[in-house]
Ligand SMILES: Cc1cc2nc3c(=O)[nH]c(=O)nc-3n(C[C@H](O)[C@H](O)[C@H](O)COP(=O)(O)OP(=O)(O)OC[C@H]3O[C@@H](n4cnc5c(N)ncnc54)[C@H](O)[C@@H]3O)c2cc1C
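The form predicted on its own is given below as one chain in structure tokens.
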Amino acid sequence: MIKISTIVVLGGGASGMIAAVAAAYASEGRINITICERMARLGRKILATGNGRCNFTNVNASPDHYFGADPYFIKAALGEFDVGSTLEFFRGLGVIPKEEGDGKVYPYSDQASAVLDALRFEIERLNINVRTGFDVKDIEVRKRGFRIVSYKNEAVCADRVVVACGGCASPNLGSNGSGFKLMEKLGHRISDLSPALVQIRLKADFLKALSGIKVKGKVGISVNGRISHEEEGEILFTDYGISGPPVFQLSAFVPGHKNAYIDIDFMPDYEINDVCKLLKQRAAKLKHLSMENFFNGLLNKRVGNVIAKCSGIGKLSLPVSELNDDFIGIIAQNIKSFKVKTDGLNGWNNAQVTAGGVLTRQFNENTMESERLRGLYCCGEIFDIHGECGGYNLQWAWSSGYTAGKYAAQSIAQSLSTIEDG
């Protein structure tokens, strides 16, 4: 069989690999398909997801779990290749799924490598070309198609190009933001970029005292005294700030706010009046103790001691019997609303995804094709779309990648039919 057309996929991550596979399915082997990957191997970022277990989708995936200028841009792609399609696809490749809390889905083997290997094996079976170490310098638009040039002056030509270069997050695993520069050269606008699903840095002198402590609570972003976003779950204190799933969810809302504060509720199951009442009862029963041990059995001891000091308790040796209603009121307020000034985010090397990207309004939501440049498709993290923690971002990679690859292949078939009919 003579293959007379070519699709080149730039980027060998999750969205790029499935785009190549979808193109092969749609073309039934009649099109040359090549993946060009900057790193030495495909899909390194997949191995790091889900703490090495890879929560590769979430059964609750819907636009409500995504962020960007237009989260509902994803609706068509999710309809094209939804969670059910994802599960069926990976089952067909031998990956048995299991659902855990909050709708997260993992391979039954608990190995991220299982997801990556299944994709690699399918790419090999479909005879998809893979060129690693291919760092794209430029995408040249030709009269017919494209010419992709690497920094080593290697070149490949394509009738259709799928840009799946990722964002800026975790550059050591592949994505270094180069895709944004390529898209800008081709006339596409990029929104402001910032790390997302990343740790939040804080300005506080007590962080070393709390480093390594995990607590369950509610955490919010407070700007000008108003909490704009809140999440609940396990919060990890570090020597630079805070981490943990609820913190990751909030991280996208920190950039752009110079006066943002983290607001932590250490007892979200209680109203503040109930906390005051509880503290007064404890003070009456535990008056033989010092403040150093007052929180024993109520809060983590080190957290309690920090709250005491931030509430004006100068020395933890202060007898509980000397607590008055004013002190108790301040302590209760700090337990329910412990405010700490933010100091930015922990940076791209620690981020799981990118907030911001190529503006979706420049693309056809049904096909992922550029409205500005026919034959150019995008998918995955390069778009101004990112999801919550818990498998949502990989589902977007599968849905957008599958859609882009499928319709890139179909557009070639349509153009060939037009030529033959003419």
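Everything quoted here is computed from the prediction, not taken from an experiment. Position 1 is the first residue in the sequence shown; the rest follow in order.
From this point on, the text means the form predicted together with this ligand, which you will not see here.
When contacts are defined as a non-hydrogen atom within 4.5 Å, all of 136, 351 and 380 contact this ligand in the model of the complex. Although the partner is absent from this view, residue 165 contacts this ligand in the model of the complex, with a non-hydrogen atom inside 4.5 angstroms. Although the partner is absent here, residue 392 sits close enough that one of its heavy atoms falls within 4.5 Å of this ligand in the model of the complex. Proximity of residue 241 to this ligand in the model of the complex: non-hydrogen atoms within 4.5 Å are absent; the residue sits far from the partner. Residue 50 belongs to the set of residues with a heavy atom inside 4.5 Å of this ligand in the model of the complex.
Checking 173, 130, 76, 223 for any heavy atom within 4.5 Å of this ligand in the model of the complex turns up a single hit: 173. Interface residue among 355, 61, 33, 397, judged by heavy atoms within 4.5 Å of this ligand in the model of the complex: 397. Residues of 10-42 that come within 4.5 Å of this ligand in the model of the complex, judged by any heavy atom, are 11, 12, 13, 14, 15, 16, 36, 37, 38, 39 in sequence order.
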